[in-house]
Ligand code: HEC
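Take a look at this single chain, the form predicted alone, given in structure tokens.
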Amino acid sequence: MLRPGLLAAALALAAPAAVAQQIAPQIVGDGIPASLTGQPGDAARGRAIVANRGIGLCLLCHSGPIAEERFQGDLSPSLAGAGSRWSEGQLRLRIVDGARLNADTIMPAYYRTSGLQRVARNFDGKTILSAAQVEDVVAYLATLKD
């Protein structure tokens, strides 16, 4: 029988795996067709996340049609026209875990908790973006048509 302290430690160790099981979205082909929240995201909130250098850091690597943001990145594809190039499901998978499509990607997995490297303890078992934030970014990117 486990002592109470050991039981708490065992549960704490199991918690990230349990979280990972709860957030595992259904991947179909090259996308995640279903919303992570069951609801559509809000494009205005998504634009704010993309532009915010403290949350998603999207503009560190990408450029996009956000004229007021200076010093946009050029390491990755422009976000302009993303809604024309990819479906919402394809956009969702790229945000959730781009490594599923390209193992060599430099883009972080914004909604994955397992298999990550060099994660600070206070972020272990947590996603970068919440499910609602992922949906908001998907909604914004889907509006970016050529």
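The first residue of the shown sequence is 1; numbering continues from there. Just so we're clear, the structure is a prediction, and the values are computed from it rather than from any experiment.
Same protein, other form: the form predicted in complex with heme C, not shown, and the subject of what follows.
Taking non-hydrogen atoms only, residue 93 never approaches heme C to within 4.5 angstroms in the predicted complex. A residue is said to contact a partner when one of its heavy atoms sits within 4.5 Å of a partner heavy atom; residue 110 meets this definition for heme C in the predicted complex. In the predicted complex, residue 77 approaches heme C with a heavy atom inside 4.5 Å. The closest non-hydrogen atom of residue 50 lies within 4.5 Å of heme C in the predicted complex. For the options 27, 43, 116, 57, the residue carrying a heavy atom within 4.5 angstroms of heme C in the predicted complex is 57.
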